[in-house]
Structures are given as structure tokens and as C-alpha cells.
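Alright, here's a single protein chain in two forms, structure 1 and structure 2, each given by itself as C-alpha cells.
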Structure 1
Amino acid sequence: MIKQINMSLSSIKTITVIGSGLMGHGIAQVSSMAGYEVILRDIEQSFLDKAIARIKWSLDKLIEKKKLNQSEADAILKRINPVVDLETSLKNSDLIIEAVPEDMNLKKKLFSEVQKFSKPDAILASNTSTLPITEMSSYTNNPSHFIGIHFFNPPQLMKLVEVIPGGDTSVLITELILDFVKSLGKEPILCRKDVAGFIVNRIFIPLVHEAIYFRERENLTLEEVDSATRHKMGLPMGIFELADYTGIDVVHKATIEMHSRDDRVINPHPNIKKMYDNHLLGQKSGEGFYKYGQENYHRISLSEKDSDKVDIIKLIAVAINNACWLLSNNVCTKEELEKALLLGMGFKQELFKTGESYGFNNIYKILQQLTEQYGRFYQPDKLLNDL
């Protein structure tokens, strides 16, 4: 058994981020911005070069917006050390955060390697969007030192970090990681149960599939649905725009995982798998629901007028139903849920306030109709009865 005594935030000085993609490079950047020494590890130098270029772009943006000056940005970059060799990347690290693709076998293999080279009391963490933390921790020698630290894209701008203890994570490590997240200037929300999709993805990923069904059933265009999710549901991006921005590969893998853990969580639309198989991965591959250029950050222009003819209650109903499930299962409180949606997805208005404005009675009826037509995924949660 590894000793846990005397561990406090000051015991974290060096952080290794494994995987330098969309999330990994951002996690490395925010950790360095908070003053930590960071090692960014990937399997090929070219991946690391791309990640460093992205970090430089982001730092330049922050300078442009007067959030940093040039010498601060230079120091941030200097604290990030890109490394290919796994052993070198781990030997001095106090906290190791993996951000590799969402494949349990890949993660299992990685953690068995990580343990060979990491310090015995190092904290191991996963930025998984939905894989079970308890199962992942069982592949390590010390599950009490294993935890989920789930950032949101882009980590540089999104304030939320979900902290997910597994069944064996020690209370001390959970508290330490909550403090660590605060030290990054982020807001941690404790996800009290290791459920599929945690808090935010439990709302977000099913909503992407539902938006495709909604578009087909109501005969709407991409832009109409996107404009309505922005202007009537309070999202900062259209739901299809957001799926492209997140990556269709991420959405697809999260879908498979969530569905395999609990088939009531999500009603997968086959188009997501088709897009994934055809390498239509969104912004990162140049095409997803929309087509993109080479820019680092691309927004879809959506006119508010496009939302005029869209009655979005059916989409709101699905989001509210999943939110109710989280509350009835004590995964988080209502306040935590609203905070998570505000800080993790940029919701401009509280989901339950939106629900209230459409009437919970109407939402309940819509869900009952959808259940009759399309099956038990839509079955209203028991909490909706009370509302």
C-alpha cells in the first residue's frame, strides 16, 4: 500500500500530459499558465510540433486580447517540455493526466506502461469524456491514486473541469485534485457517481443524435436547427457546429461507450457512425456537418431568422429529461448541473429556466408522445412527474 500522508497541493510541481491533441495541448497550456512545470508527451515528434504551434497560436490570441503580455507568454511556453520517450516524460512527474483517444484497450495498455516509469506516489488521472473511472483505475497498482479530471474544449477558454473519483479513489486525492483544478483558475464540479457521460456529456452527446433525428423528422436544415439551438436554447454554438468543433470521432466514441454502459442514455443516430467511417470528423478533418478551411478556429455564421419556424421543445425535452436523470440519481445537484452547463458548454440561460418557460407539463406530454412513437429512450424521468 502506498502512503498518502503529507500530500497537499504543494506536492504537485511537475505534470505530464500524455497525448497532445485537441485536449492534451490545451491541458498542458493551462497547467503551465498556472505555473506548473509541464511535460507534454506524444508518440511522434510531428504531433508535438503541431501541439506547440497550437499553443503558440493560443498564447498570441491571449496577448492580442491583453490577457497576457509577451514575456508571460514566453515563460509559459518555456515551461512546456515536449517529449517522445515515455520513461523520460514520467520519471519526475507528480501528476500524470492522460488525454489519448477514447479506447479502453489503448488506455489499459498505456497505464500498465505508465506504472513502470512513474514515481510510486504519482497521481494518475484520465481526461476521458465518458469511460468508467473505476474500471480504468483497476488497471493500475494503486486505484486510490487514480481519478478522472475532465476538461472541456477549448480548455484554454472553458472554465469547467469535472472531477470524477472512481470507486476506490481516496478522499484525500479527490480533495487534492479539486484544489489543483482551482489552482488552474478553473471551477471544479464533483461528479458524485461514475456514470456514463458524467454530467455535461450526459446532456451534450445525446443531444447531437437527437438533433439529427429532429432535423429529419421536422424536415429542417442544419442551419435552422443550429440557429434554434443558439437562439432558443441558449447554446453559444449551434449543436451541429459544436459537434464539428468537438470532433465527430469524439462524439462517436463517447456514443458507443455510453450506449454500451446503458442503452437508455442515448438514442444513437446512424449518421454519426457513417460520418466517422467516412472521416468526416468536423473541423479537424475539414468537413463534418459543415465544410471548413484551414483556420485554427472557425465559426459558422447563423442568422437568428433561421430559427423562426423551429419549435425546439422536442430537443429541450430530451435535454431536460437527461438532466432530470442526473438529479434523480444524485450525480449532482441542480445548482451544480446548471453551473456545469454554463461553464462547460457556455449555456447562456439555465436549462431548467428554459424548461419552465416551455412548461414542464408540455415537456412531459411531448416525451410521452415521443415514447409512444419512438421507444423507451424518451420515457420521462420520475423527477419530471414532480416538476
Structure 2
Amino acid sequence: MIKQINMSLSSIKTITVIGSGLMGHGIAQVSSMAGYEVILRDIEQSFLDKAIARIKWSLDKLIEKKKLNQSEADAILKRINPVVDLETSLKNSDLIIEAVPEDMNLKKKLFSEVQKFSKPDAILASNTSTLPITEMSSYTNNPSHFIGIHFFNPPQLMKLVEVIPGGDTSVLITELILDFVKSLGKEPILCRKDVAGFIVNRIFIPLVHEAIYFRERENLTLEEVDSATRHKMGLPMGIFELADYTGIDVVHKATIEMHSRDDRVINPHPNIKKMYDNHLLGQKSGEGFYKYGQENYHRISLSEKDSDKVDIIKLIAVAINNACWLLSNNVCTKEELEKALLLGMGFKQELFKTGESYGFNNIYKILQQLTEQYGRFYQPDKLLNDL
């Protein structure tokens, strides 16, 4: 067993980020901006060159907005060292953050290689959004030093970071990583149990599927459902628009992982897999639920008038039910849940306040009706009895 004495935030000086894609290069940037020495590792130099170019572009934008000056940006870039060789990237690292695609076999293989070259007391972390931390840690020699650090996309802008200890993660390591996240200027939320989807995705991913069922059952248009989720539920954009922005590939892969580990957490709609198979991935591919132009970001026109046509209580009921499950299973507190939804999904109002305005008694009855019609996914959580 590795001794865990005298470990504090000052013991983290060098960070290795493995994977230089959308999440990886963002994590590297925010870590360097906080003053850490960062090694950014990927399997090809061309991937790293692209990542460094993206970081430079992001820093240039901050200079334009007068949030940085040129010398500060140069220093941030200088602290990021792109490396292809895995052994070189790991030998002096205090904290290793994996940010490769959501594939357990890929991560298993990676961590078996990582522990050959990393320091015995290095902290290993995964940026996974859905995969179980406890299972992942079992592929390492020291599960007590393994933890989940789930940044949200894009890491440069999103304040929320879910911190997920596995079943064997030491309390000391958990506290250290909470401090590390704060040192980045981020807001950590502790996910107290290693459950499928953690906190935010436990609400978001099932809601995407449920919105498709809801649209079909109520004979509504995409725009009508999106208008209602935005204007009546408090989302920053419609649920279908948000899925397109996130990426249907991300939604699909998260669905598979979450459902395979707990078939009560999600009621998969076949359309998501069809969209994924047909490369209708949302904004990144030019088409998802909606078609997009050539510009980088495209907002769907959603009118409050369209939302007046929609009784959104059935969608709210599903979100409230999953939220109740998180609370009744002590995954997080109500305050932590609301903060996570505010920072991670952009909710404009507290979910439970929305539920209260529709009446928890009404929500309970709706869920009972849906259970009778469509099965146990809708079975009301025990906490709804108290509410």
C-alpha cells in the first residue's frame, strides 16, 4: 500500500493530460492558466500540433477580450509541453488525467500502460462522463489513488467539475482533488457514490430520450418541445438543441454505458442509435435533430408562443424522478444537485422549484400513470412520497 502522508495541494506541481482532443486540450489549458506545469500527451504529433493551435486560438480570444495580456498568454503556452512518448510524459507527473474516448477497453489498456511508467504515488484520474470509477480503478495497482474528475465541455468556459471517488479512493485523495479543482477556478461538486451517469448526466441523458417519446406521444414538433423545455423548464436552450450541441455520439455512448450498468436509469429511444449510425451527430456533423449551416454555432428560433401549446409536466416528472433518486440514494444533497444543474446544464431556475410549481402530487400521479402504460422506468422514487 502506498503511504499517503504529507499530501497537500502543493504536492501537485506537474500534470499530465492524456488525450489532446476537445476535452484534453481544454483541461491542459485551464491547468496551465492556474500555474501548473502541464504535459499534453497524444499518440501522434499532428494531434498535438492541432491541440496547441486550438489553445493558442483560445488564448488569443482572451487577449482580445482583455482578460489576458500577451506575456501572460505566452507564459501559459510555455507551461504546456506536447509529448508523444508515453514514458516521457509520465515519469515526473504528480497528477495524470486521462481524457481519451469513452471506451472502457481503451481506458483499461491505457491505465495498464500508465502504471508502468508513472510514479508510485502519482494520482490517476479519469475525465469520464459515465464510466464507473471503481471498475476503472481495478485496472491499476493502487485504486486508493484513483478518482474521477469530470470536466464539462468546454473546460475553458464551464465552471462545473464533478469529482467522483471510487469505492477504494482514499478520503485524502478526494479532498486533495477537490482543492485542485478549486485551484483551477472551477466549482467542484462531490458525487458521493459511483453511480451510472454521476449527477448531471443522470438527469440530462434520460431526458433526451424521454423528450423523443414525449414528442411522439403528444404529437408535437421539435420546436414546440424545445420551446417548452426552454421557457417552462428553465433550460438554456431546447432539449433537442442541447443534444445537438452536446453531440448525438456523446449522448449515444453515454446511453449505452449507463443502461448497461443500470437498466432503470434510462429508457433508450431507438432514434438516438439510428441517428448515431447515420452520422447525424448534431452541430458537429451539420445535422442532428435539426439541420445546421456552415457557421460554428447556430441557435434555433424558439418562441414562447409555441411553448404555450405544450403541457410539459410529463418531462418535468421524469427529471424530478431521477433527481429524487439521486437524493434518496445519497449521491448528493439537494443544494449540490441544483448547483450542478445550474453550472452543468445551464438551468435558469431550480428544478425542484419548477416541480413545486406543477405540484409534486400531480407529478407523482403522472409517474404512476406512465408506469402503468409504459413500464417500471417511470416508477416514482420513494422520495416523492415525502414531497
Ligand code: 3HC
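We call the rigid core whatever largest set of C-alpha positions still superposes within 1.5 Å between the two forms. What you see is a predicted model; the values in this text were computed from it and never measured. Sequence positions of structure 1, starting at 1, serve as the residue numbers.
Engineer: Mark the structure, either 1 or 2, that is the form predicted in complex with this ligand.
Structural biologist: The form predicted in complex with this ligand is the one given as structure 1; the other form is structure 2.
Engineer: 2 Å or more on the CA of residue 342 between structure 1 and structure 2, with the rigid core superposed, yes or no?
Structural biologist: Stays below the 2 Å threshold, so no.
Engineer: Look at residue 82 and decide if its Cα position differs by 2 Å or more between structure 1 and structure 2 after superposing on the rigid core.
Structural biologist: Shift at residue 82: 2 Å or more after core fit.
Engineer: How big is the turn of the smaller rigid part relative to the larger between structure 1 and structure 2, in degrees?
Structural biologist: Angle reported for the domain motion between structure 1 and structure 2: 10 degrees.
Engineer: Any chance you could measure the C-alpha shift of residue 43 between structure 1 and structure 2 with the core superposed, in Å?
Structural biologist: Between its two positions, the C-alpha of residue 43 lies 2.8 Å apart after core fitting.
Engineer: Core superposed, what is the CA shift for residue 53 between structure 1 and structure 2, in angstrom?
Structural biologist: Value for residue 53 between structure 1 and structure 2: 4.1 Å of C-alpha shift.
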